[in-house]
Ligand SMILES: Cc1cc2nc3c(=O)[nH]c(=O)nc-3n(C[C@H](O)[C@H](O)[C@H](O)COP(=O)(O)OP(=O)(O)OC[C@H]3O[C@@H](n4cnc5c(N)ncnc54)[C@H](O)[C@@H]3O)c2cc1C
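The form predicted on its own is given below as one chain in structure tokens.
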Amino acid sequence: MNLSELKKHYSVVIVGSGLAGLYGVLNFPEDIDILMLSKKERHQSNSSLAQGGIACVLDLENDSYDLHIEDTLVAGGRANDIEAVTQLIEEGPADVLKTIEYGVEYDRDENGELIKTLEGGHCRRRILHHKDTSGKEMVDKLVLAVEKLPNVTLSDETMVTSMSRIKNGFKVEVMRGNEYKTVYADYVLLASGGIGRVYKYTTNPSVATGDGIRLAYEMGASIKNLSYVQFHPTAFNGANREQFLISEAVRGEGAYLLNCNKERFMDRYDSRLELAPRDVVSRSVIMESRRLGSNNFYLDIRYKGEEYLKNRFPGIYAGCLSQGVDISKDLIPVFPCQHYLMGGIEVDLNARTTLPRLYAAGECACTGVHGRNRLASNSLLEALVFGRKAAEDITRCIRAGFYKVTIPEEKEADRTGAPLPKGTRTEIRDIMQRAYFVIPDEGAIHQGKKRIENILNRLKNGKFAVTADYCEALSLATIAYIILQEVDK
């Protein structure tokens, strides 16, 4: 489909095709017309890379909502919104079961019972999974369901360059290659994912440049706790910018974390050892690296054996093997890197932002469920619950007969200008990696903020061509500025 084939007006525009957007779409009635925009191919998102699984309480005899709530609060440093946490954990199981109706296959035992695994920070086995490619399984099956909907238009390789509020709705400017289009929406759901590419090393795909957060910020929406960035302690320690994640579930299934001397060391920092929450383990790795003067760390799960590892972690087994590491015979080199964002666009229990008719769900939203640190495998659950809540609330508003957007007379926008200065995004990443990585550097934060502010002002006030590179650089500079502004005391 060419952009020219898109309609001028939609009831709802959804920015992003990860789990929050997909499940949101599936919770709209079929008489509401929806445009779903994917920055790249519709299967490419942080959701599709999620390995460990989805946490939910299905066995009330051996587990409870209260236990899951407490684990979430402990991991989040009790900076969580208790109402949001309660909603997530009490309503989430029904959404997880609903995904099975859409064809999602979670691992089962020989009796057909769902298998549950354990991950860091959880006191019970409550994580459902599909091998170690849980996110991909969920995204793939929900995409198939969405593609069958007659009321949904899917537009791949389509980037939102800017968005503005107009009477009763929004003006959304999009581009694909050298083609541009303006569409209008009564409601917008931002489900645009994370900010990983603001860092030099991340587990996030190339699309994770914080575009949705930038768009909301530019329109005046409240952005909350953007400095609550999670660094995963066990990313594959390789040379690539996009690091291969070694799932939390590997430690949950018994892997040991070793220092450069091939010794376990977590007992020096936390009594929960390898099963401490992610922020604790990441800080422990950094402190141990400073103590020993080495960045060489390893996971050891060799004792589980080749057959078990190939069956339980086929994606990780293959991914490590492609890097020359056989996890049944070799230690896995690991080191922390940026993984997830707990803050974002501030939303309420219905995924409403502080701006009328604008909603956000998934990683770009700050629901309050995660506090300062996300409990493993709560993210996919959050995407389902708040994607659904957004759809339900928007539907209520449409059914109430609220006015549709007033489409103004269009003026042809001038998108020409100078090319983006080479190295802009690289400089932003280098600043963030030095200033705000696991254990922040206060001196580098202050200097970095001043430099980022200069970059942002140049991007905003200079006459640059509206390209994907420019828009992503603008998003990254905006994200970096907000983070460093929050933490620059």
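Counting begins at 1, following the sequence as shown. Since we're looking at a predicted model, the values are computed, not measured.
Note that the form predicted together with this ligand isn't included here; everything after this is about it.
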{"item": "Segment assignment from 88-96, 338-346, 279-287, 180-188: heavy atom within 4.5 Å of this ligand in the predicted complex", "value": "338-346"}
{"item": "Heavy atom of Ser377 within 4.5 Å of this ligand in the predicted complex", "value": "yes"}
{"item": "Contact label in the predicted complex: His68 to this ligand, heavy atom within 4.5 Å", "value": "no"}
{"item": "In the predicted complex, Gly52 touching this ligand (heavy atom, 4.5 Å)", "value": "yes"}
{"item": "Interface membership of Val152, this ligand in the predicted complex, 4.5 Å heavy atom rule", "value": "no"}
{"item": "Val25, Val12, Leu19, Ala477 - the one with a heavy atom within 4.5 Å of this ligand in the predicted complex", "value": "Leu19"}
{"item": "Sequence-ordered list of residues in 36-55 near this ligand in the predicted complex, where near means a heavy atom within 4.5 Å", "value": "Leu37, Ser38, Lys39, Lys40, Gln44, Ser45, Asn46, Ser47, Leu49, Ala50, Gln51, Gly52, Gly53"}
